[in-house]
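Consider the single chain below, provided in structure tokens and representing the form predicted on its own.
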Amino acid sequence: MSFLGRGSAPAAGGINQERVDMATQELDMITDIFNRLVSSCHAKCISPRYAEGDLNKGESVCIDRCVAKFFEVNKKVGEKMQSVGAAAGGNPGGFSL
């Protein structure tokens, strides 16, 4: 089975639009995470005054740690949201207002 539905029963136009929409939404989420990661770690680890063309050792170590922490927190938040959603009986998003 193909990612865009080529192995399953295709829609009238030959493309599974639901899968394309899901892939687009996932790409948007990944792009947002990447942009937040770059913005956050850049602000924390790199001086606004660029003295060299390459990262120095301190900046590289800081960025490595920042990225690791960012993904660890992102993972924990995702796990917590899933457990809250499961406890709420499958309520999408896991929250009720």
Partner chain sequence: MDFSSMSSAEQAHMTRVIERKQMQDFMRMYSSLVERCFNSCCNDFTSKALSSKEEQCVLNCTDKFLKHSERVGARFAEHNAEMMGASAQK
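A quick note: this is a predicted structure, and the numbers were derived from the prediction, not measured. Whichever C-alpha set is largest while still superposing within 1.5 Å between the two forms counts as the rigid core. Residue numbers count along the first chain shown, from 1.
Just so you know, the form predicted together with its partner chain exists too; it's not on screen, but the next bit is about it.
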- [ ] Determine whether any heavy atom of residue 82 comes within 4.5 Å of a heavy atom of its partner chain in the predicted complex, and answer yes or no.
- [x] no
Task: its partner chain contact at residue 15 in the predicted complex, heavy atom, 4.5 Å - done: yes
Open item on the list: Please tell me whether any heavy atom belonging to residue 20 falls inside 4.5 Å of a heavy atom of its partner chain, as the geometry stands in the predicted complex.
Closed with: yes
TODO: Pull the contact list for 19 to 39: residues with a heavy atom within 4.5 Å of its partner chain in the predicted complex, in sequence order.
DONE: 19, 20, 23, 24, 26, 27, 28, 30, 31, 33, 34, 35, 37, 38, 39
Task: Exceeds or equals 2 Å, Cα of residue 79 between this form and the one not shown, core fit - done: yes
